[in-house]
Every structure is written in C-alpha cells, then in structure tokens.
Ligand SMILES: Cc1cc2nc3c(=O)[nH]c(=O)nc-3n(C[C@H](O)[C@H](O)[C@H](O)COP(=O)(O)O)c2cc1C
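Given as structure tokens, the chain that follows is alone and in the form predicted alone.
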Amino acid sequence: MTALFEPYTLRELTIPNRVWMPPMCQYSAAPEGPETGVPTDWHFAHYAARATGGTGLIIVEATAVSAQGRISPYDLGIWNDAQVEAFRRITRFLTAQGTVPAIQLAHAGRKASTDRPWKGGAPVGPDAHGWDSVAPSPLAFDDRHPAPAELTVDQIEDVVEQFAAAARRALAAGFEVAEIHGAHGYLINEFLSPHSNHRTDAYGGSYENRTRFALEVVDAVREVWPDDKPLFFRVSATDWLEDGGWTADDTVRFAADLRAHGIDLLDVSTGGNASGVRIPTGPGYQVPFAARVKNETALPVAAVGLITDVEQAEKILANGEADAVLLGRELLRNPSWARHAARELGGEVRVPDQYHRSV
C-alpha cells in the first residue's frame, strides 16, 4: 500500500485515496437571470473527468453564499434551490465513480465583483454585472479596486447565517464534505489579518477579536452540518508580509482553535490578502506550512502548492508532512493523474468499467 493510495477516514467518511482536487474557479456560470450561479454542462464535464480519472476527493470551486459574495459575476453560488438542483447532477456522478464530492463555501469580501482572469480580472461595475463590495474595514485591496463598505455588526451576523444556509443547501445537494474558505484575501481572511482588519469593535484589534467572525462561521456551519460528515477550513498560512500581517505562528494557534470548534482538516495555502507581495514559489513551496500545523497541533492537514510529481506527492505523505495532497494545475493538465500515479506506485485506484482497456 502506497501512502497516496491508502484510504483516509474522517469522522464516518472514508475517502478512497489521498489524491485530492482543490477548489479552482471556472468562472463559467451565467452572470444574471434565473441561471445566475448555477452549475453548467462545463462544470459537470470538468468535475466528471477528474472523478473518472480516480481522484479521491474533489472540492468544487469557491461557491458563493450570496450573490454579493461572488468573486466575479460568473461564479457559482449556493444561495437558492435552482443551484442546489444543478449541483445534484454533479454530486450523483462523482459519488457513482467512488469520488467524494466536497464544496468550498465562500464570500469574496473586498475582492468581489471582478472580471474573469483571462479578461484581466479588473473590478467591474453595474454595466458589466458588477456590484458594491463589503469588508471588515473600508480598505481597498489595491489601487485598482474601489474601497469596500465596512460591514456593520448586524450585517456580519447576516453573513454568518448565509454560510449556515449555504451549508444546509450543500447537504441537500449531496455533498459529503464542506470547506469554509478562509484564505486568499477573501472575506474571512480579511477579518483574520491585521493588514486588512482595522476595526476597533469586537471583530477587530486583538487576535481573539480578529478570529471571532471566522469561528462564528465555523460554529454556524458545524451546527447544521451532520456530525458524521467532515468539515474543512482553508487558510492562508501567511500574508507573506514582514510585519503587520497574518503569520505562520497565528496559523498554528488558529488551527488549535479550529479543531476545538469542530474543524476536521486544515487545507493549508498562503497569500492573497496583500497586493504586490513577492512570494518565493517553487515545487511544494507551501508544504512546510502544512507540515508545521500537523507537527504542532492535532489537526489533520492537506498540502497544496506546485505538487506535480508522483514521487514528490508520495514523499510528502510518507514523511508525515500532510495527510493528503491537493493537486491543482496538474489535475487541469491531466484529469487521470491519480490513475497514472497508481500505475507508477503499484497502488490501486478505481477505474470505470468503460475504461477497462486502459488498465
């Protein structure tokens, strides 16, 4: 048994292997009308291909808990029943292939209302299906983005309930795992970091205050998410700032808090909350942050960040640096990466009957 193809159990859910797909936005939903935020044939084909390729768990891209919480007008959402019904088609197929369907619940905060990346990703206004953004503080992400409106305490409570309502719909849509998006400079990350959170009330200032919103969201989602199903949290382990930002030390401390509030696994990424930051990227460059959380806390972790090679992925798990690996770009290039890795390592992965000649 190779580490990559050893099943992994969280709560009462067993995931068939440790080759997982992270959330990667496709920016392919309708921007307006009754189909707003609804998964399309593109989304079905995209996720189905990775499931038939043997991926153990697929986390559906950042899915907005409200229309205002989308990164772009073309994002998926899960704030109404039409969206739920369309997601069922995807989760049914993934489950039939032996892949665990997961979903990332998200609110973009001050980085909302932008164009698709291949169109430049600039903020868009009402003439291009855009809207006004919100954040913990009225601080623009960069000089391209307009300053967001500062959320009131009542509005914060509304967003917490939106996350809970989205989790209920995710369950109805057939997802087995929910992940709360607390990374990459989106709303929860904005509250966590002193770089973006300049509030002076109960949601700003001290570490305890800056983590309050995130933990309220976790509590609200955990309350409606079944006890037998895992709940993940994605974190940016560092802002990559020399001072004035969220740090790796904060992440280790926060991981213990998240575990106490019912999080089962930390999906460890980095960056995204400060513009113009130079990040020292390279193969597996974010793995050490996951490894530190795993080594210093009791919370399981998944590692992400330029993990592309089979031996590299196997070594990360065998060395105890993470409990699973998330392959983004590599699964975009090769939907059957898991099947390829199983052949190389001598592991076992489910192959659809229709593809038996490929074994």
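Just so it is clear, the model here is predicted, and its values are computed rather than measured. The first residue of the shown sequence is 1; numbering continues from there.
Unshown form predicted together with the ligand; subsequent notes refer to it.
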(request) Have a look at 334-342, 5-13, 347-355, 18-26 and name the one stretch with heavy atoms inside 4.5 Å of the ligand in the predicted complex. (result) 18-26
(request) Evaluate Leu306 for contact with the ligand in the predicted complex, applying a 4.5 angstroms cut-off between non-hydrogen atoms, and reply yes or no. (result) yes
(request) Find out whether any non-hydrogen atom of Leu327 is located within 4.5 angstroms of the ligand in the predicted complex, and reply yes or no. (result) yes
(request) Using a 4.5 Å heavy atom cut-off, state whether His184 contacts the ligand in the predicted complex. (result) yes
(request) Answer yes if any heavy atom of Arg234 is within 4.5 Å of a heavy atom of the ligand in the predicted complex; otherwise answer no. (result) yes
(message) Please identify the residue among Gln83, Ser193, Gln104, Thr114 with any heavy atom within 4.5 Å of the ligand in the predicted complex.
(response) Gln104
(message) So the ligand isn't shown here. In the predicted complex, which residue out of Ala62, Ala302, Ala313, Leu57 has a non-hydrogen atom within 4.5 Å of it?
(response) Ala62
